[in-house]
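Okay, so here's just one chain, in structure tokens, the form predicted alone.
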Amino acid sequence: MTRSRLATGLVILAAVLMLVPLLWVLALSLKDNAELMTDTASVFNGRFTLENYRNLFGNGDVFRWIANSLIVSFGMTAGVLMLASLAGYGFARLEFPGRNLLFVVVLLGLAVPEQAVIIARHQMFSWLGMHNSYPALILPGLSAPFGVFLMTQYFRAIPRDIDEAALLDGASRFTIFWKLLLPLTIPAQATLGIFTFLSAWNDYWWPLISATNKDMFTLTVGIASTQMNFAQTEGLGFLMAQAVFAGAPMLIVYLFFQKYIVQAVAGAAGR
């Protein structure tokens, strides 16, 4: 009992420590910039205001950047889920020459940092004339070795008796994949989808390189373009409002799909 209470106390302490910076950012975003310029401790007293958020929404480009981020994030998530599920099914349930070697090659992609291929990627998309387009922002993210590994392991954990029974009933491989096995992997797909969406939404480097047209900016690049001089504290409240605004969708996505993450982790541990 004592050990259980100690563990609970440590978890609560860790949660509080992680929440403090988030609450600090939220509080700063609700303060007047003039007050923060004098003293950031003024966050503990005085009035709160929504002026920073009004200024943020006063920029008409913000809604365009949100739309771009949503299109890129949902497009990348859908593509990764489709390709990773098909590849995972193939590696886990089908027999073909070079399967194990090809799977190792896919896993090696986990060891290749994005920085190592960024120049080649930029040259390739420049040669194809695809910069400043949605395909240029989405296609690089469809290469997801972790997604293939996750779905492969999940498909492998499903009993093969299901496939054998369906084959005896005359079902095709695609029918087995689409109607029988794929619904069983929903927790893994939800987890992969959330991680992919978060990664796409927060991505800054590749959109910064590929999207040079202001109309194609994602939210991360667009918000950064409005921040002139980070060293000037006169815009600290506005800067924190931008951080809250950019991070809010991620919190909403996690709150709605957190049960699937728990199911996926618990399922993987049980297997």
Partner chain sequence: MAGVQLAEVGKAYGAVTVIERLSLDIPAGEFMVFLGPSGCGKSTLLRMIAGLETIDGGTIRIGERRVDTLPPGERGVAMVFQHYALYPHLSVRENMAFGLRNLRVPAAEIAARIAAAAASLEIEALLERKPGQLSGGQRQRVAIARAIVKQPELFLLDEPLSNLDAALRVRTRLELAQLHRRLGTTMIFVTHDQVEAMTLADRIVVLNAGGIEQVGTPMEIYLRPRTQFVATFVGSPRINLLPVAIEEGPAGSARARLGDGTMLDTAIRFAGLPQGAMTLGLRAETVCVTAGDDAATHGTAEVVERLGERTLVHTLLSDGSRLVAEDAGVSAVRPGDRIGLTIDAAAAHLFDATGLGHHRAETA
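Positions refer to the first chain, counted from 1. Since the model is a prediction, treat every value here as computed from it, not as a measurement.
Below: the form predicted in complex with the partner chain, not depicted.
K.L.:
With the partner left out of view, is G170 within 4.5 angstroms of the partner chain in the predicted bound form by any non-hydrogen atom?
P.N.:
Taking the distances in the predicted bound form, the answer for G170 is yes, it comes within 4.5 Å of the partner chain.
K.L.:
Is the gap between A165 and the partner chain in the predicted bound form 4.5 Å or less for some heavy atom pair?
P.N.:
The answer is yes: A165 has a heavy atom within 4.5 Å of the partner chain.
K.L.:
Is L184 close to the partner chain in the predicted bound form, meaning a heavy atom pair under 4.5 Å apart or at it?
P.N.:
Within the cut-off, so yes.
K.L.:
Since only the chain is shown here, I'm wondering whether T175 would be in contact with the partner chain in the predicted bound form (any heavy atom pair within 4.5 Å).
P.N.:
Residue-level check for T175: yes, a contact with the partner chain.
K.L.:
Which of these residues, L180, A157, I71, A78, gets a heavy atom within 4.5 Å of the partner chain in the predicted bound form?
P.N.:
It is L180 that has a heavy atom within 4.5 Å of the partner.
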